[in-house]
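Here are two versions of the same chain, shown separately as structure tokens and labelled structure 1 and structure 2.
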Structure 1
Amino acid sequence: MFTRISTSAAVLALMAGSALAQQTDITIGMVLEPPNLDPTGGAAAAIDEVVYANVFEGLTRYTQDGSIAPALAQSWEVSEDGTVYTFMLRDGVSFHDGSAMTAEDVVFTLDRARAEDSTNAQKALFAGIETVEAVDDSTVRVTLSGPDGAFPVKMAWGDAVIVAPESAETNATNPVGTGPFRFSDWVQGDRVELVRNDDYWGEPAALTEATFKFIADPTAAFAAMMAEDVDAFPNFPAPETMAQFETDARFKLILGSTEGETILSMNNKTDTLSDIRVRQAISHAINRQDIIDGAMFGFGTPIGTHFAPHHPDYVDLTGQSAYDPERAVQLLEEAGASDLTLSLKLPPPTYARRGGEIIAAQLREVGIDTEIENLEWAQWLETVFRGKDFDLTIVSHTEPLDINIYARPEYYFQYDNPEFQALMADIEAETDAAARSEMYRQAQRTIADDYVNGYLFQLAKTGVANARIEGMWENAPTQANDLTGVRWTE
């Protein structure tokens, strides 16, 4: 009986193997289901992970290495003073409902995003816009209130994708974009299905169908990969099983970096933590490698400031806050801070919950007690993020190039340094690339010198895929699963 079953299973597997040779459909596993499919009306990363670059496109777009490429705008010009951008739109682009994409749609999109009643989660991206006008059908002129060298980067965000007035209100459940895939079906709680857009303006995708399947449980994710019910899992939730996939010839690992600076945030306004010596002591008490090994199974790159290590302007400042418990004890003595008990409020992700336990142990070594409190995301947003009722918390900041959050004194860790704020304002206005780079390096040093937060590690992207799939993004410059270049080999 047993042999018969396994023989027939083998026959089935062989048949499946030959049928898969011309495979043009793919099933992608995701941990979280998007709450809706409108990237201009919600912050959930899962929205972009389904629709960015697949269904929706912006004027510009992120590429795999984090650089910005033309998308619906084939080129753009910026005025001498850096305040007027003129975007030349691509011709012959149409939305999935058949209507043409014109300059009017761009004007509508940008005006809608910055309107008073806008519910765009990244409204700040559009704050600098003064007017948007359609010069002709394929030219859009954007006038800014001040020079902004990074404006094309802002237009690459998922929150800035171009939508049509006819479909903008229903994109949440029936997204209509210009991308290489069109929306086909959404079985809430289970999957979203996309099919290839045969009228795509660019090179058509190799895949004809793509299914995003939502599997929250790490064990279930493992089983689904092993049973080959899912072809790729770009952000695999069970890093402890990666070694098993590595030794299995059916699979390959897709390892890369994300934009997620994972930090031990400190409330800079509390009595104890407003003392830089206490913050510095905490930074020295932390052994980053222990946290990466213990909480992330070795995946992650140590960081010494709030900047992505793969960015060309990154400065390695890990030495400045190197693991040195004796120095930490000494600093605490100097600050006169003995018998410290700090609250450590942890959101749900593994990096926070597991990392928090390790950090609590490391802090105890230098004489700081912590009270760990586990919070759900909604609670965390209310008490920590908006209520600022915390001493320490761990969170990964996943937006690209988000060092500018340190220029917002009301931001939850409440770092208030006018010099830094001036520096960020200058970067915004600077259009010369070399000068910007130098300023970014300065900014990284400033927040490291001030020991604003404990900088832990850059979140890794740990993915698993069928070995015959190629073209998946290794890194995640923005949270996306761009399927444009994905294909099956053989």
Structure 2
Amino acid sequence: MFTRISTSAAVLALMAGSALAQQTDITIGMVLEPPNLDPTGGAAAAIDEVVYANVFEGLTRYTQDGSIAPALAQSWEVSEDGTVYTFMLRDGVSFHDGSAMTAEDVVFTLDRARAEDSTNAQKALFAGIETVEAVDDSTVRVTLSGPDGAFPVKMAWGDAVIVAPESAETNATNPVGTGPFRFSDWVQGDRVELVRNDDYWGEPAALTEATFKFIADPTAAFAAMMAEDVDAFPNFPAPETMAQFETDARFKLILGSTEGETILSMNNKTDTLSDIRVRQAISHAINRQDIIDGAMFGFGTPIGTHFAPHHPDYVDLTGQSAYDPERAVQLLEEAGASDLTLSLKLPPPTYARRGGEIIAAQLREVGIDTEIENLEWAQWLETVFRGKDFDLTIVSHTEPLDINIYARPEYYFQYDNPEFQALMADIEAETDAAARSEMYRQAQRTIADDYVNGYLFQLAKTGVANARIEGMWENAPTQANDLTGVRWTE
């Protein structure tokens, strides 16, 4: 009897282990529901969080470390003057409705995105295109109005995914792409369901089904994870509860960074802040770690310039503006700027409101008082962003590779450096990858040397997942829940 029970138990254990190892469905938690499912016709990040790389693909694509890889274009060539890109498309690619993806679909997509009546949220990505031609079914020639070394990066955005003329108008509710997953169902207010595309041109996904479940309330999100009703929550909305998951063997934390450079923006045109010594003093008065701990529950990566730490070209310049209150006081004395009172206008996010209180206390220690004004987003956009009526503010800039905003003197922090503007123009025109990398490093050093803003931290990507899930992105170089490499382990 004893032997029979032991044998049966062993068999059951093996069967259970096999069943666990074979799990191929997943439920992903998301805070926001997308307004539609067409990344070429909407600005909401939640659209890409569902469909980027899963349902739709572009000529190129972002990888987890922020680099650009081939996607529907297996390779490309650039003319010597940098104005003509010739893309060689992959063979055997089909849309989910069975129709072949050819060069004509690329022509249609790019012409549609740059058309006068285009509803593409990032129409500027396509502004430099003069013509798009199908050389043959598998070759596309794009001629630009000027050299643009960043063109392959622009083609990796979700707004540049390739769509077919037959389904373009209905992609908002019934998306038809070329990716490893097909759209299955959308229960509005609750979930979107995808199924594996068994006719995918590339390596098939390990998952056969994926459900994106919308849970906006942080308490409900915590309960859903704890009950294992949700398998993973890549952007978990309650970071204050992360410690509870960390001590629970059922879960693992997936921590990384986003494209969100969180900065203490300074108005470089005011009488006081036009003095670099004052801006430098403010930068040295800030203890980044205190802000990360107090406002973000410890989640965030310190930065010393406006560039994502996960990007291959990132330069760590945090030491240049290290916390040094004595140096801050000395700089203020040199500038003759004692007894300062500056406005600190804060938008709604908790990183801004909580962080603002901490920064106000730190500035007070070196002799700078602040008048805090809490604004709603509409007020912040009107007063700070458009009206430039502020001294200091805190905001996270979430667009990828957006250091070029420092080349716009009219931008809200009003930094006007002709040499930097020329450097950005050179980067735009440079087609050699190594040369562009060095230029980006120089750009980071330039704005750090000028102490344009107080650089605080890269907004964290705080995720929670079942401990048996592997392959989820730690970082977010673009706003996506890429499931192409996700799988369950034993």
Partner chain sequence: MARFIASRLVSLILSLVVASVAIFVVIELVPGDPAGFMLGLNATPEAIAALRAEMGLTDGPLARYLTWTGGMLTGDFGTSYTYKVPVADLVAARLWVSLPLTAYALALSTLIAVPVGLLAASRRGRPADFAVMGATQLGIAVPNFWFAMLLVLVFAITWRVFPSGGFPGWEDGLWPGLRALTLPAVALALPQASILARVMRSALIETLGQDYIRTARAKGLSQGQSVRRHALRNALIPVMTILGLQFSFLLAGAIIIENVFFLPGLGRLIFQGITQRDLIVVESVVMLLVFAVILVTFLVDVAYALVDPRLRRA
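Only the largest set of C-alpha atoms that superpose within 1.5 Å between the two forms is called the rigid core. Here, a residue number simply tells you its place in the sequence of structure 1, counted from 1. Since this is a predicted model, take the numbers as computed values, not measurements.
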Would you check which of the pair is the form predicted together with the partner chain? 1
Two rigid parts of the chain turn against each other between structures 1 and 2; which of P237, I447, T258, L392 is at the hinge? T258
Could you check how many degrees the smaller rigid part rotates against the larger between structures 1 and 2? 17
After superposing on the core, C-alpha shift for R441 between structures 1 and 2 in angstrom: 3.9
Hey, core superposed, how many Å does E365 shift at the CA between structures 1 and 2? 7.4
